[in-house]
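The form predicted alone is given below as one chain in structure tokens.
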Amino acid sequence: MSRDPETIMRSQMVRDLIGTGRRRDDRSLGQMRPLVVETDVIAQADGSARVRLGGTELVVGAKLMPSSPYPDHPDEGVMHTGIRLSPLASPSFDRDMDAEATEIARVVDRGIRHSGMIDMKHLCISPGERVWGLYLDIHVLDHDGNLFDASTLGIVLSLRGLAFPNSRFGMGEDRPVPLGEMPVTLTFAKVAGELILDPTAEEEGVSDGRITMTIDPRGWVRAVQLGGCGHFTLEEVKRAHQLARSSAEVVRGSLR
């Protein structure tokens, strides 16, 4: 983040506000930004979705292609998750963003895998020979923080209604891909000693740490990732989990 006087003053104002339980966009510390979603937005994809979370907007495309299994998992399909951080989405992306992109892709990928939404064995065509490769591509259109949660939502929505494109490869009729329960990812930033849900880019820039949790419908944590230089106490982690459980239900309710 730039260290010019104006930026320093603005950053201190953000910290001071959060320290009093307020935020610049008038949300409470535990409130998410408005969520707008749309599905089937890419004609050439097998599944797709557009997600707008406050000022963050992205598009996800899902594609199924016959592939070779990994030698140590001969009866399981393969899944690849990637994210594109273009300078068109944010001036902060005008540098090498490989490390940031890799972290986001890995965190989101792990949350989807560990949630059980997709049983990789269902992607097996012929054990040891041929499986389905699921390719998930995230393209960020506008960045204003919290790409973790928006990306997971985009992937989940792009997978709804996904079908094996058997007819495209001369393998018979298309059929639905079996899916499990829907995971929701919630990210908290620690600013001025307070936990805030769904941080904006400005709030991320002044945060001392980040914790991201993927929650299943029973409220269980299926994946967790820490980021930043700060630390979280056990009580803070428990509080984040409690808020994540209730917030995940709100998100699921808005998508039904």
Partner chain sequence: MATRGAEQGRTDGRSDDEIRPVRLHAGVLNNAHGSAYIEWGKNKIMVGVYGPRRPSRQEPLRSDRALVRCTYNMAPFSVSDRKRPGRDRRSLEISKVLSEALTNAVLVERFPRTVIDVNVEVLEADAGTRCAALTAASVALADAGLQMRGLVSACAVGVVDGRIVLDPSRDEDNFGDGDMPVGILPSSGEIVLLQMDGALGPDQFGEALDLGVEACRRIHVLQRDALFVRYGQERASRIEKPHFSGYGDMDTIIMDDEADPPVWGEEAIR
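Numbering follows the first chain given and starts at 1. Because the structure is a prediction, the values reported are computed rather than measured.
Quick note: we don't show the form predicted in complex with its partner chain, though the next part is all about it.
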query: 4.5 angstroms heavy atom contact with its partner chain in the model of the complex for Arg50; finding: yes
query: Partner contact for Asp137 in the model of the complex: its partner chain, 4.5 angstroms, heavy atom; finding: yes
query: In the model of the complex, Met79 touching its partner chain (heavy atom, 4.5 Å); finding: no
query: Any non-hydrogen atom of Ala43 within 4.5 angstroms of its partner chain in the model of the complex; finding: yes
query: Single option in Gly180, Gly161, Pro87, Pro127 placed near its partner chain in the model of the complex, where near means a heavy atom within 4.5 Å; finding: Pro87
query: Position in contact with its partner chain when the complex is considered in the model of the complex, options Leu195, Val59, Val206, Val221, heavy atoms within 4.5 Å; finding: Val59
query: Within 4.5 Å of its partner chain in the model of the complex, all of Gly55, Asp94 and Asp142 (non-hydrogen atom); finding: yes
query: Region of this chain that lies against its partner chain in the model of the complex, out of 223-231, 206-214, 184-192, 34-42 [heavy atom, 4.5 Å]; finding: 34-42
